[in-house]
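The data below hold one chain only, encoded as structure tokens and taken in the form predicted alone.
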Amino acid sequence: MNTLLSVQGLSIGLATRGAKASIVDDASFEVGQGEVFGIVGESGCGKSVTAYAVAGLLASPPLSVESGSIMMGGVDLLSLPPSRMRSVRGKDIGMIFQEPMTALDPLYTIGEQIAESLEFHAKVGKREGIERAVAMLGKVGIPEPRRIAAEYPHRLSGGMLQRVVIAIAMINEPRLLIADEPTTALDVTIQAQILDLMNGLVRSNGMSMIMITHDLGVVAETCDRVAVFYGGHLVETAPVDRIFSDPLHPYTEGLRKSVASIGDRDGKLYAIPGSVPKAGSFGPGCRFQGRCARRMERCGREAPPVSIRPDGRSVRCWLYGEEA
């Protein structure tokens, strides 16, 4: 696999009331060229801030990258000044946000907002930008694209707005697309349409994509490999089929068991006991220990290192340490 993006040892802190809490701690993963890479976990686990760090969109302060590197094309994105990062974001890295209505400016037409990215990165004129915006709206499945290009965001439905946000993210044909829970605000039917659209566009253009989600159904539908986050730690990385058929980490196993199936008629929906600890209050040892049915005495004393399995999967758990 040719690597497009390499994140190594990434740690992100949050400054609150004079103290600093760890939001992401020592996360490492790679995204291959043409690969759809999923990042999954509960709310507050650090998956979205990791994606925002890759795109150079962390709100600093209060968030800040404490250590690590984000390599793309031989360049550490964390070393780039803001002006240089603006030229990367939108051209080499496209971003699809969770709430399309808040991602769009209500004062500008749809066509103007798509063309703006072209005018900045490709240095095209406004007329050419609008024409290419109309063509892009057609590619993302919007009917009457010329009429829609002249509309304002409040005139469009949620599904149409999400297609517009996808058009903006893809208009410059970026090498990497980051999708931050792109179907959360949509109904189930529209969700399926948007996922099919994104998959088709990414595969046909040979792009890579990072899919941020808490929904394992979305993971199964779109991803090639998956990273599972818990409490700011990346606890498991594996091909998508192994996540469902043979999860290694107890947390991943709990997530899989929590997914309802149409054929399940003989019991209650499984829920992982307890709740996610707040950032900055993790304490020593494994961050999942308080909710883990397979907890050992050592789990309360020492944080487990990342173990690379013979099949290439990685897991952060004492069940797979050298002394296991």
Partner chain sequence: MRTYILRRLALFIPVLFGISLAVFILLHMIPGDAVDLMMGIEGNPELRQQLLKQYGMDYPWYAQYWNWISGVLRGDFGVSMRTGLPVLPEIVSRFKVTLMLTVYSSVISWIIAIPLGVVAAVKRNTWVDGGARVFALIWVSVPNFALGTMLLLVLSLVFQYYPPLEYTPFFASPLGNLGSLIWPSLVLGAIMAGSVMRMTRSALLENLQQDYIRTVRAKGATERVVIGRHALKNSLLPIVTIIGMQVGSLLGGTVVTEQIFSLPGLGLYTLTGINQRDYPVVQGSILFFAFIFVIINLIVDVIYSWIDPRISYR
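Residue numbers count along the first chain shown, from 1. Every value quoted in this text rests on a predicted model; they were computed, and no experiment measured them.
Omitted here: the form predicted together with the partner chain. The next part is about that form.
Note on contacts: among T102, S157, S79, S204, the single residue with a heavy atom within 4.5 Å of the partner chain in the predicted complex is T102.
Proximity to the partner chain in the predicted complex, taken as a non-hydrogen atom within 4.5 angstroms, holds for one residue of R132, R242, R225, R89, which is R89. With a 4.5 Å cutoff on heavy atoms, L107 counts as touching the partner chain in the predicted complex. The partner chain is not drawn, but in the predicted complex it has no heavy atom within 4.5 Å of I272. Although the partner is absent from this view, Y52 contacts the partner chain in the predicted complex, with a non-hydrogen atom inside 4.5 angstroms. Of the heavy atoms in E116, some are within 4.5 Å of the partner chain in the predicted complex. Residue heavy atoms within 4.5 Å of the partner chain in the predicted complex occur in exactly one stretch of 209-217, 248-256, 227-235, 147-155, and that stretch is 147-155. For the marked spot (L57, M95 and F120), a heavy atom within 4.5 Å of the partner chain in the predicted complex is present in each of the three residues.
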